[in-house]
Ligand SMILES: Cc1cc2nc3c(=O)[nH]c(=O)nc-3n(C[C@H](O)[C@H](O)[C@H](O)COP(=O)(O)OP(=O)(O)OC[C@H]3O[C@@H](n4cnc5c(N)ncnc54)[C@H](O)[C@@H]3O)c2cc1C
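Only one chain is shown below, in structure tokens, and it's the form predicted on its own.
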């Protein structure tokens, strides 16, 4: 941060977007920007977005659907963790994941938009947002566009952003409610994930899987959906054998690396265990909603 020569604090999204040129970086909580050199390389100016009114958690109900949840990009992990609204949606999976993002001091300032834009494969909220079919609203000089979160990530710390600002993250309220669960393995509860996994299931009246979502983090260049495992689950009765095969297919989908936290093979094996546990918890919650 010693190379920062100017600091901008716009009052509107339009003003902020006009400031987004090479050499400038967006800052809100700053918990990634301040500690990771990859985000400040070539950066000499900061654009502070904390005054743009982008901190909110809302539900909007439509005529044909039971609603969607909208999160302002500057909403903190603390606010998400303690949201009564989010606690009532999808088993509170997003609130649960936000509660694992670092220490309480970090969660007080770290934002959901920052977690998304950092595009780290280990981001704890990213797998939960993937299984919730989240979308990201971007704003640039040419106006707004919406991108599925699954298409937003291009690689570690790389996204589709092109001098644009993430202003909102949204996802539909699951219907039927079903169940969802998040499972994280780290050296400590507050540490970066060695592996994390999220799952969401809905069951039909006969108790068979009618909807399935599985996502894994810290095991590929981007947080990933296990599409083959999801397809396998459809029409199946939840149970040990079913979940063991879904876990195996999830393991096949990952492309882990070896680093200071774990070997690639360890990550691959643990992915199966994390996915299976998330599926078991999601199925238990889904059964209660029948």
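Positions refer to the first chain, counted from 1. Nothing here was measured: the structure is a model prediction, and the numbers come from that model.
Just so it is clear, the following notes concern the form predicted in complex with the ligand, a form of the same protein that is not shown.
Between the ligand and the residues 202, 149, 161, 173, the one pair within 4.5 Å by heavy atoms in the predicted bound form involves 161. Shown without its partner, this chain lists 57, 33, 262, 253 as candidates; in the predicted bound form, only 33 has a non-hydrogen atom within 4.5 angstroms of the ligand.
Looking at residue 89, you'd find every heavy atom of it more than 4.5 angstroms from the ligand in the predicted bound form.
At a distance threshold of 4.5 angstroms between non-hydrogen atoms, residue 96 is out of contact with the ligand in the predicted bound form. Interface membership of residue 85, defined by any non-hydrogen atom within 4.5 Å of the ligand in the predicted bound form, is ruled out.
In the predicted bound form, at least one heavy atom of residue 102 sits within 4.5 Å of a heavy atom of the ligand.
Annotation: in the predicted bound form, residues 197, 247 and 272 none come within 4.5 Å of the ligand through any heavy atom. Contact with the ligand in the predicted bound form, judged as any non-hydrogen atom within 4.5 angstroms, is confined among 115-123, 141-149, 202-210, 215-223 to 115-123. Interface residues of 3-32, taken as those with a heavy atom within 4.5 Å of the ligand in the predicted bound form (partner not displayed): 25, 26, 27, 28, 29, 30, 31, 32, in sequence order.
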